[in-house]
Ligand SMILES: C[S@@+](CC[C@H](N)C(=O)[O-])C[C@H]1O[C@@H](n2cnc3c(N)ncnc32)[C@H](O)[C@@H]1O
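Shown next as structure tokens: one chain only, the form predicted on its own.
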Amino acid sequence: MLNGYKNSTILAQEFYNDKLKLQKRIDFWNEYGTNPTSYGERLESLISDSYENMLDIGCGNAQYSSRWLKYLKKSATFMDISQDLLNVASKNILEFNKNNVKINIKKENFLDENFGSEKYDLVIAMHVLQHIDNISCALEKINMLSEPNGTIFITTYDNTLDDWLNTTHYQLLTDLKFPLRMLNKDQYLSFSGENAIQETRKVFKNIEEIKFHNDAIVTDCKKLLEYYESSMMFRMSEGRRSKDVSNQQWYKLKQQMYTKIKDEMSRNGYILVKGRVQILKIKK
């Protein structure tokens, strides 16, 4: 069975599609996050130069990177596997391209794309590499695509599997007898924390690690369930292609999670959802 967390087709069709699940997750953190500095503001604070051109690998809706167009002089390339998200990205890019730099938009998997001799002095891969099996190949290609004095930003989830929502999710998978492969957490930590640093150091030397924390304190049961359903935690292993998981099991998972959320809220008044992002800034 294909692992949807690592499969570009499933990611594009189920998690990064016109249902705008990505935007729901962004809106959730903007509404409930307790850090007064937003993720976008923290990322932008790390930029200290102007650049000739930019490559955004897995740009999604370009909600953050489109705002970086003001630091560019010539061109920007936005690449993603989802045409739905690229359609949204195009609107964000149009709004923020005040410098009128040349824009290239590509629906491609960057590992398969032939860039020719093109190189970029700003390369971004936000929450992309954890979805790739061959990390070393991806990092080598990023190195090849970046200019000798270029800057690279790589972001990934830092480990949040110990918070209430994740712990409850995996307990429900066990109780409802979901396949054992879906209980394997290692696949979600393949590029996270110290492992991400170790893998990156095999290719790059000058790495600055920045931790961004933005825990959400949630008091609305329905909003938390909506976030849970929009996340890759829910159906993340194979998506709807899991032929050995019935619709009834998925329904039970959702219903029992809602019951757990209501019970926890009634006891404590809120639920804390950890927001942990690892940012790697690489200066070649």
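The numbering used is simple: start at 1 and walk along the sequence shown. All figures in this text were calculated on a predicted structure; none of them were measured in a lab.
What follows is about the form predicted in complex with the named molecule, which we do not show.
Using a 4.5 Å cutoff between non-hydrogen atoms, residue 59 counts as a contact of the named molecule in the predicted complex. In the predicted complex, the named molecule lies farther than 4.5 Å from every heavy atom of residue 211. Proximity of residue 127 to the named molecule in the predicted complex: non-hydrogen atoms within 4.5 Å are present. Interface residue remark: residue 132 is counted as part of the site for the named molecule in the predicted complex, having a heavy atom within 4.5 Å. Checking 75-83, 199-207, 145-153, 88-96 against the named molecule in the predicted complex, the stretch whose residues place heavy atoms within 4.5 Å of it is 75-83. Only one of 168, 109, 192, 160 lies close to the named molecule in the predicted complex, with a heavy atom inside 4.5 Å, and it is 109.
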